[in-house]
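Form predicted on its own, single chain, as structure tokens, below.
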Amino acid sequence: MRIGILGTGVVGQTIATKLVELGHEVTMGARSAGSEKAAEWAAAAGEGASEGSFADAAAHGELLFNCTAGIASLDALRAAGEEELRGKVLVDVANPLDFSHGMPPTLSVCNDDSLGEQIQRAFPDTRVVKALNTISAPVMIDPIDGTNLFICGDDEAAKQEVVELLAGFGWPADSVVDLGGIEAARGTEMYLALWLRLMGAQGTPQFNIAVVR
């Protein structure tokens, strides 16, 4: 599959590298083509990896991942281009973290709205699926046995496509908890407040949670 990754940070590089290893053709997008971080990633990832602008990555991808900083995601997606996003599945991994007041960060949107919903409203013809935003990058591609992955979105077929793709990351279908429509992104994004405290208490970001019935 041709996949576009928007964002050159740790999350974007981690997901992109795993996708290349799985045999997908991946273009990593930045604000402009020739980004040093994207170029270094593409050179290291080898065959199947390329880099370009946000628009280049969106044009390349049959499916897209938003791995940009949450407070910049809407601008990045606008730069990618509404036409290039139309009809495509967009896996939104971002969280609207606001570091302007120091640590721990707050959320720039919460309670009665979410970044996932903002993206879906801004790009109504894009099939937004919120996923992977409740865990650290290494855990995204190397799941901890017995833990759960949460997804949500308005398009059932899009969610199923994402579940099938993430099975290649090591997430079996029965580990995925579908929370319903994209408004459920409010819950997974606000979980970051607890996640940050758990990380501090444990001294590591390499953890996840399980739903025990």
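In this text, residue numbers run from 1 along the sequence as written. As the structure is a computational prediction, the values presented were derived from the model and not from experiment.
One more form of this protein, predicted in complex with a further copy of the same chain, exists but is not displayed; see below.
Among heavy atoms of residue 62, none comes within 4.5 Å of a further copy of the same chain in the predicted complex. Within this chain, residue 186 lines the site of a further copy of the same chain in the predicted complex, having a heavy atom no more than 4.5 Å away.
Looking at residue 40, you'd find every heavy atom of it more than 4.5 angstroms from a further copy of the same chain in the predicted complex. Looking at residue 198, you'd find a heavy atom of it within 4.5 angstroms of a further copy of the same chain in the predicted complex. Residues within 4.5 angstroms of a further copy of the same chain in the predicted complex, judged by any non-hydrogen atom, belong to 170-178 and to none of the other stretches in 170-178, 24-32, 53-61, 156-164. At a distance of at most 4.5 angstroms from a further copy of the same chain in the predicted complex, none of the three residues 14, 69 and 99 contributes a non-hydrogen atom.
With contact defined as any non-hydrogen atom lying within 4.5 angstroms of a further copy of the same chain in the predicted complex, the contacting residues in 197-213 are 197, 198, 201, 202, 204, 206, 207, 208, 209, 210, 211, 212, 213, given in sequence order.
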